[in-house]
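In structure tokens, the next block holds one chain alone, the form predicted on its own.
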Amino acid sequence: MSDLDMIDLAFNVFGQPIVVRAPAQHSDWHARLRDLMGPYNTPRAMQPAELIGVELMDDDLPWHVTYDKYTSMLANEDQLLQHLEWRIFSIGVLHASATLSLHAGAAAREGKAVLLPGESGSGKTTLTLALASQGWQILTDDIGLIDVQDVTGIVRPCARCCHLSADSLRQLTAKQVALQGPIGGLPEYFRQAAQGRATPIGWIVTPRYAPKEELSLTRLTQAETAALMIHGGLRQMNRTVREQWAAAITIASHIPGYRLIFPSLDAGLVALAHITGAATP
């Protein structure tokens, strides 16, 4: 396939230019990908840019995505979009200038943010988004980019789509949380209707949804809080492990950390209100 048959889709994620070079034909998914990427779309890429190649082949797994000499083979356009969305954000995080990056939700209220580090399946996305029903502004549900200024950890907003199960969507709809979607024609992909600004962290709470257990709230030591952030860390090219540990220790020495086990969404929200001193509506 010649270069004349290709098109460049350009994005800028956390300051990193990224290009998806794809076939110009069979292009219905181009608009869907731009829909998924939302504010990270750019009219053209700045140079140098990270390049992701997409080819359409004549085999059982026709979509081939190549990045950094590795190729993933995908069966259909939905799988292609899911892979590209993940790949683009992974590259953005890898090159981000943030002092620390981790899997975490975050929401802000009255000039302070609650940071909710947690692995996939911990319930952090649903709990984070549900805070919107309590007057909080959502910053991110999954990618927590943190800058350390003096001794203050500041969490940046991230407009990546939320990935919601049918049950999570039902619970959030019941709480009248405003969401846009489905995005890009993918039934589990949604975006919060409004987003807050970069905000200093006031509390760190690692949540775990456990419907068969009792509500439990435990105060963590500074060492446990720092280790929690490092354990949930995302790979970054611009930061050494020593720098990440130093950032985590600085934040943990000034911000209280907690472990929260919650059997229901309402119980989780009540516990967070107790920690943060926020009155529930």
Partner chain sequence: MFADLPTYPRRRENVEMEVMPDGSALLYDPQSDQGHVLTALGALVWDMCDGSMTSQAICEECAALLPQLPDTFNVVHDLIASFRELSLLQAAEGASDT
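Numbering follows the first chain given and starts at 1. Everything numeric in this text was worked out from a predicted model, so none of it was measured.
The discussion below concerns the form predicted together with its partner chain, not included here.
- Looking at K69, you'd find every heavy atom of it more than 4.5 angstroms from its partner chain in the predicted complex.
- For I249, a non-hydrogen atom is located within 4.5 Å of its partner chain in the predicted complex, even though that partner is not displayed.
- At least one heavy atom of E224 is located within 4.5 Å of its partner chain in the predicted complex.
- Interface membership of V241, defined by any non-hydrogen atom within 4.5 Å of its partner chain in the predicted complex, is confirmed.
- Residue in contact with its partner chain in the predicted complex (any heavy atom within 4.5 Å), chosen from N41, S253, S27, T218: S253.
- Heavy atoms within 4.5 Å of its partner chain in the predicted complex belong, among the stretches 224-232, 209-217, 54-62, 32-40, to residues of 224-232.
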